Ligand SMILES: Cc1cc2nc3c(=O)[nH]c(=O)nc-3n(C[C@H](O)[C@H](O)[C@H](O)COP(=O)(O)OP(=O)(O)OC[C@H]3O[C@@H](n4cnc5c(N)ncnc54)[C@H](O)[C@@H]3O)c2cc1C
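Coming up is one lone chain in structure tokens, specifically the form predicted alone.
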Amino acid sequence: MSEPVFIVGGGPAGMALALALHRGGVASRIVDARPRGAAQSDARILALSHGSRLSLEMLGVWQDIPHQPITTIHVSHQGGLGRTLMRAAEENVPALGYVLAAGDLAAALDQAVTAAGIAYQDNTPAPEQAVALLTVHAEGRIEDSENIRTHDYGQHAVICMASAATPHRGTAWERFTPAGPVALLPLSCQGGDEYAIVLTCPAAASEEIAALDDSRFRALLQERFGPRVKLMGVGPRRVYPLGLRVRRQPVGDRAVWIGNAAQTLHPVAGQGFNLALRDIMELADTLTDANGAIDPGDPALLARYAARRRLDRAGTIGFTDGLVRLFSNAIPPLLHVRGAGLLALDLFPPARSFLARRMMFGARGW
């Protein structure tokens, strides 16, 4: 294999990196233990930021991905006053984010990888020893117990689709409750407007909640979310465990970890793949701006990449983790602090804009 970069994992993260490297003139090879196209069966719904849209446009795939713009984000919490609204018009962007199917993202990336002639080996386990100047681990759980930080939130996510009595008008809802956040993400389907639901619940109760009949599940979801949106019907449910797994150092000896191989975050605020894509674009830029260097695994080069990503990576992980810990409880003092914080965001536009741009662009949004 003559390609200097070997990418382990043919999911969206691995394919996006291969395209970003190709754009900069760096050859790579993707190897995946699964059959090619397996990622296209991913049933999850993603919320991508405006910054991620710009990155996918640079990779030439955005126009091929069906998507629903988010023009307004409504954030509230159960049991107290205080809420805030973030609007795309206030930030002079067409949308704060976009809702799309993970499978559609994978299909568009795969099509672009094929068109670019990037080498792709499926049904091939990753070799135990390095076969290239740089190996990028782009998929799979973080298994190096000595180099990871973990936290079990004791929560699972129950996801499904739901219809509502009124059109969504591009509004996404994030509702914090003591049992965990509830997100309603707008999505336009063939039959009309719907919401992709992410209901966070205690891990011990998740399977029982998911198994409720449609009427009882809809009632529980409505009770958790509140009356701002009247839900009419719900679809089949799936359960996903939630937790924090972070590789402390994302680079090693001729190796880099990106995507879920580098960090797995709680879905609150939808930062997981957005962070991964910022890592990917920075890694590609670092390897292609190496002043003519021909060794992508050079330790100094990898250290430069890690340093460039340190602030945004730590900030995004801390932001997501802090939201879950602050809002997923019913402690009275924190209830008032949360309400005051949401009210302050609503009344102080610069603070609201800071948060919106941080979510769209990461640390560079500052």
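Not measured: the values here are computed from a predicted model. One-based numbering along the sequence shown.
There is another form of this protein, the form predicted together with the ligand, and it is not shown here; the text below is about that form.
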Check: Taking heavy atoms and a 4.5 Å cut-off, does residue 273 contact the ligand in the model of the complex?
Finding: yes
Margin query: Is residue 296 near the ligand? Define near as a heavy atom within 4.5 Å, in the model of the complex.
Written below: no
Item checked: residue 174: touches the ligand in the model of the complex, heavy atom cutoff 4.5 angstroms -> no
Next item on the list: Using a 4.5 Å heavy atom cut-off, state whether residue 139 contacts the ligand in the model of the complex.
Entry: yes
Check: Looking at 59, 324, 301, 31, which has any heavy atom no more than 4.5 Å from the ligand in the model of the complex?
Finding: 31
Check: What is the one choice in 234, 159, 107, 88 with a heavy atom within 4.5 Å of the ligand in the model of the complex?
Finding: 159
Margin query: Given the stretches 205-213, 146-154, 225-233, 254-262, which is the single one in contact with the ligand in the model of the complex, using a heavy atom cutoff of 4.5 Å?
Written below: 254-262
Notebook entry, point to check: Within 4.5 Å of the ligand in the model of the complex, do we find a heavy atom from each of 4, 117 and 305?
Noted result: no
